[in-house]
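Take a look at this single chain in structure tokens; it is the form predicted alone.
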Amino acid sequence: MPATIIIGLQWGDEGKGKMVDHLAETVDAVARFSGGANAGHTIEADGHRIALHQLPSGLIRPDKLGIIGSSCVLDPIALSEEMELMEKEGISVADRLTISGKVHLVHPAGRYIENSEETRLGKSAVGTTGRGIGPTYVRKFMRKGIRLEDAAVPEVFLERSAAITDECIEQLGLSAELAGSLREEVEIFNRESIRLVDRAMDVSMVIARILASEGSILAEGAQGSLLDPDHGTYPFVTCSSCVAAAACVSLGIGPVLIDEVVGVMKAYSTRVGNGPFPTELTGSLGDRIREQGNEYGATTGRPRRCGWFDAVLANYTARINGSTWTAITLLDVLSGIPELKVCMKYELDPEIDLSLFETGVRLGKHIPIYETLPGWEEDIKGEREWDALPENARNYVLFIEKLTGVPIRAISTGPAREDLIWRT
């Protein structure tokens, strides 16, 4: 496979990290193409349980190269801490990591600005992670951003960093104490940014050489398709494009080089933060799924909102990404629930044009129409054979496969690397 893209088909947290870890076994490099430290992929393998935020998940395998594409935004302080964490786990990554020189850097001022804006919005807040991602992308598209390649000229870089700091202090009217704290963070930011210049390269050229030598690339997305700023539940979305097509832009490769697009989805639905969620469960059943699935954010620890599987949205995201096959995760979490519901269609607001599938605020007006399926009592955690699953569990997977219109080739039944069923 020349290049494979792996993306989330829901609101993120689908278990992409585990699937990247599996698919990375047969590739030469794993390339992260979107997002920043607001994402979190948790992987359990070889005695390690590691939550990665900016590093490509494939780096947990010792012989793989890691690449960070130009459409990502990079927090150099957080990246340094993440690399140190990997080193403590006995996984060396410094000599295997390449970063696009064009990647925009998350200046500490961005966090101050983002948190101030969320506080100002109150109940209308988006529910961001507070990592400064939004302001960084705003500066990028205002053509006022600061990139890793800028740090190759330290004197100019330091001037621009100081200008951003002064602008933030004036804009927010920071007290002397807060302004002092920001300046201390900026000193660390400057040092770490300049230190990372040695890792900066033209990732398009790096990837082109790998592919020219008959190597292979796995492009790893962050967040999920329903958080995409163009195709997701706007305005409750992230700031970087997280659909499959964005991989080509970020990594500097043409679409003709893409061999497969793998979509990952949970056996139920979750989302973090605010925004419409048609199949949300707000009672004890939602709480049960949250606890059984450990549905708490890897980045912030926030409890995730839980609900039934939404086949309407899954069909939509599989289509906009051109998914060639899918993986379904956390099927084991549904064990012991007597009846399972799947949203097959919506009862649409009569004012909404059926030809215009909206994913914005009016999505919350749609009433889900469910199909009820029998559940299973058996504990399937760690199961690795399709035929060993209870009949009702197999029927549930096949029902979702039919509604989404894309083959489900992999089923995850637990957090460990080995807890996976492959269907041929």
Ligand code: IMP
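All residue numbers refer to positions in the sequence shown, first residue = 1. Because the structure is predicted, anything quoted here is derived from the model rather than measured.
FYI, the form predicted together with inosinic acid isn't displayed, but the following is about it.
Residue heavy atoms within 4.5 Å of inosinic acid in the predicted bound form occur in exactly one stretch of 179-187, 243-251, 84-92, 268-276, and that stretch is 268-276. Contact annotation: of the candidates Gly130, Gly336, Pro154, Gly322, the single residue with a non-hydrogen atom within 4.5 angstroms of inosinic acid in the predicted bound form is Gly130. Only one of the listed residues (Arg160, Arg191, Lys345, Arg302) places a non-hydrogen atom within 4.5 angstroms of inosinic acid in the predicted bound form, and that residue is Arg302. At a distance of at most 4.5 angstroms from inosinic acid in the predicted bound form, all three residues Asp13, Asn38 and Gln223 contribute at least one non-hydrogen atom. Among residues of the shown chain, Val237 is one whose heavy atoms approach inosinic acid to within 4.5 Å in the predicted bound form. Contact annotation: Leu227 falls within 4.5 Å of inosinic acid in the predicted bound form, judged by heavy atom distances. Glu114 belongs to the set of residues with a heavy atom inside 4.5 Å of inosinic acid in the predicted bound form. Interface membership of Val138, defined by any non-hydrogen atom within 4.5 Å of inosinic acid in the predicted bound form, is ruled out.
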